[in-house]
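Quick setup: one chain, the form predicted on its own, written in structure tokens, and binding and motion questions come after.
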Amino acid sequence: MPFQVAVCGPRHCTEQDRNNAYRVGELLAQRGAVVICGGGVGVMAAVTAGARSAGGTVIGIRPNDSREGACDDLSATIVTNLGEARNAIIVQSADAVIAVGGSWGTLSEVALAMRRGDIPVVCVGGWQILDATGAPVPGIHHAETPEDAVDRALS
């Protein structure tokens, strides 16, 4: 069974986040991983386009009760009608999580992945989560580049 990587990120993202997500999608597809994402706009659309450009498979987990708003490049769309609770499905279906950029929804996916405790969680260009002493929360890998993020997720 192929390795499945959830790629999370904001629907309203920066151009840098969009570029990083596209490259993450390309790299994951080139390495044979299946990409799971929210299937919408922003980071989700960019990672989907990147993966599909490299012949990859992308599964979109949608929050509403229809495929409306799903990006065009998805290989398959799962309709949940669960709203933001669909983030748990995205994370539970993954063998690793890469967060590109940051939003509250992205933070919830990072937190759910960390609670699992059994998968790599990598952030690129996004959340730097610190504990009460100001030290980075252990367990979250911070990557400088999409290449580093994919290497850490697949290692």
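What you see is a predicted model, and the numbers here were worked out from it, not measured in a lab. When you see a residue number, it is the position in the sequence shown, counting from 1.
Omitted here: the form predicted together with another copy of the chain. The next part is about that form.
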* Look up in the predicted complex whether I61 has a non-hydrogen atom within 4.5 angstroms of another copy of the chain, and give yes or no. => yes
* Spell out, yes or no, whether the shortest heavy atom distance between Q30 and another copy of the chain in the predicted complex is within 4.5 Å. => no
* Asked: How about R11: is it within 4.5 Å of another copy of the chain in the predicted complex, going by heavy atoms?
  -> yes
* Asked: So, in the predicted complex, is Q92 in contact with another copy of the chain at a 4.5 angstroms heavy atom limit?
  -> yes
* Candidate site V24, A49 and I119: all three near another copy of the chain in the predicted complex by heavy atom within 4.5 Å -> no
* Listed by sequence position, which residues of 21-60 have a non-hydrogen atom within 4.5 angstroms of another copy of the chain in the predicted complex? -> V34, I36, I59
